[in-house]
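Below you will find one chain, with nothing else, as structure tokens; this is the form predicted alone, and questions on how it binds or moves follow later.
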């Protein structure tokens, strides 16, 4: 211990001798909530960490001709015009502790349940270089959710990016939680990223996962509703960076981002207050890059590790064609669309089987599931088309073939229903739907 302290002191002395501890000082010109306009930082760089005396900490978000824009992530006292701003010469980083698994933490490695920092926390870059194409391999291993409507019809592979999209209160988060719980007993590490949720909502997620034994392999990274926009903006990037660290160790990681629409709104707020030129729906022009740079980290790495990302997006009135939704749909490898109408009818999970899609499909399924899933999906979609025309018709007036088709489709839809945390194994799915396929043959 003494040798370590002596080493730290020696390094500090050497830094002072070489004058590497001296950085620029600026002054606050303007204060707008958590946004500061600062002059005097002539050599500052983008995303550089800065301190406002002993009052606040932040980073440089924009560099202008005569001033820079600083956004604050921490503030212990009010900041005023004229306060000193000190550049540090280092990038703004998040903090993480490998002991944080099983806890609710923020990007500063603070346990939000105990309000204490982990003693062994270390810096972790928020934005990292993209993973080279040559280091990626094909996605061909399944990630079982335990949900028949997904594993059978729209499967997810380890290393895939599958969007979960739908209106409020249609079961989006529940699908993610079911998927996390279904990894119990396996080798998957799960990271649940909560953006803009209340403390009550995050504690409910923690309680559900803890009750089902899933917190033993799950990290909850939270940016609460009352946090400032810069923290909300950087939390998902930090979560992906943490996942990347584990992937490079050969681990399989599942990342749930709940939700990216909230992240986009906070990104827009931060950009507008920073003076960026607004684009469509007032979002900045780089919003697509912000989401793409995160989601493209989802992959199967050549070392055997992988990052599977399940981003969640909330829509209004079932519209999946809005700006943010279409952006993320174009980035991901498929989407699970949830319908408010199906939810109201009692279909749970309320999957819209006509709009949902997995672009990998059978490539991540076992042969038995792939063959059965193709037949069941064809039967189900054909049933939906027929039901639109004959739903109000009298069954007694239908021909035998049409009655059989309608009855079989209705039975498939009924068997797709599952209560939360009632996972089915692939073998159970095969035995549950195989007889319906046999009837058709």
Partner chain sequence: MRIGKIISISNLRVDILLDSKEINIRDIVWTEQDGRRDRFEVAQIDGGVALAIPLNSVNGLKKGLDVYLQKGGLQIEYSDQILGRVFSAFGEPLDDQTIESSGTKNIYLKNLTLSEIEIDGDILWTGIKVLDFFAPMQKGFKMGLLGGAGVGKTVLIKELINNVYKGFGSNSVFVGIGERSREGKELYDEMLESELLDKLSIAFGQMGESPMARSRAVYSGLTLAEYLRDEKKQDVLLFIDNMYRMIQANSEISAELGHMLIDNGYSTTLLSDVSEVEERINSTKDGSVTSFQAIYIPADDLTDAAVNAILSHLDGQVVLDRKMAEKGLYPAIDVFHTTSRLVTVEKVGQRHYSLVNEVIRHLSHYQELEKIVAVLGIEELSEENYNIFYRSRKLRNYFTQPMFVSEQFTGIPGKFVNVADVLDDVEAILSGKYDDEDESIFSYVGAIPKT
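Residue numbers count along the first chain shown, from 1. Take the two forms, superpose them, and find the largest set of C-alpha atoms that agree within 1.5 Å; that set is the rigid core. Because the structure is predicted, anything quoted here is derived from the model rather than measured.
Heads up, the form predicted in complex with its partner chain isn't pictured, but that's what we're talking about next.
Verify the contact flag for residue 367: yes if a non-hydrogen atom of it lies within 4.5 Å of a non-hydrogen atom of its partner chain in the predicted complex, no if not. Flag for residue 367 set to no.
If you check in the predicted complex, is residue 245 within 4.5 Å of its partner chain, heavy atoms only? Close contact is absent here: in the predicted complex, residue 245 is far from its partner chain, nothing within 4.5 Å, heavy atoms only.
State yes or no: in the predicted complex, is some non-hydrogen atom of residue 172 no more than 4.5 angstroms from a non-hydrogen atom of its partner chain? Residue-level check for residue 172: no, no contact with its partner chain.
Would residue 407 count as touching its partner chain in the predicted complex under a 4.5 Å heavy atom rule? No, residue 407 stays farther than 4.5 Å from its partner chain in the predicted complex.
Looking at 249, 116, 326, 198, which is the one with a non-hydrogen atom within 4.5 Å of its partner chain in the predicted complex? Going through each option in turn, the one that passes is 326.
376, 36, 50, 44: which sits within 4.5 Å of its partner chain in the predicted complex by any heavy atom? Looking at the other structure, the residue within range turns out to be 44.
When its partner chain is placed as it is in the predicted complex, are 78, 417 and 426 each within 4.5 Å of it, taking any non-hydrogen atom of the residue? The answer is no; none of 78, 417 and 426 reaches its partner chain.
Location of its partner chain contact in the predicted complex, chosen stretch of 142-150, 123-131, 176-184, 198-206 [non-hydrogen atom, 4.5 Å]: Only one stretch qualifies here: 123-131.
Using a 4.5 Å heavy atom cutoff, which residues in 262-286 contact its partner chain in the predicted complex? It's fine if the answer is none. 276, 277, 278, 279, 280, 285, 286, in sequence order.
Rigid core superposed: residue 375 CA moves 2 Å or more between this form and the one not shown: No; that C-alpha moves by less than 2 Å between this form and the one not shown.
By the 2 angstroms cut-off, has the C-alpha of residue 66 moved between this form and the one not shown once the rigid core is superposed? Yes, because once the rigid core is superposed, the C-alpha of residue 66 moves 2 Å or more between this form and the one not shown.
For residue 43, is the C-alpha shift between this form and the one not shown 2 Å or more after core superposition? Yes; that C-alpha moves by at least 2 Å between this form and the one not shown.
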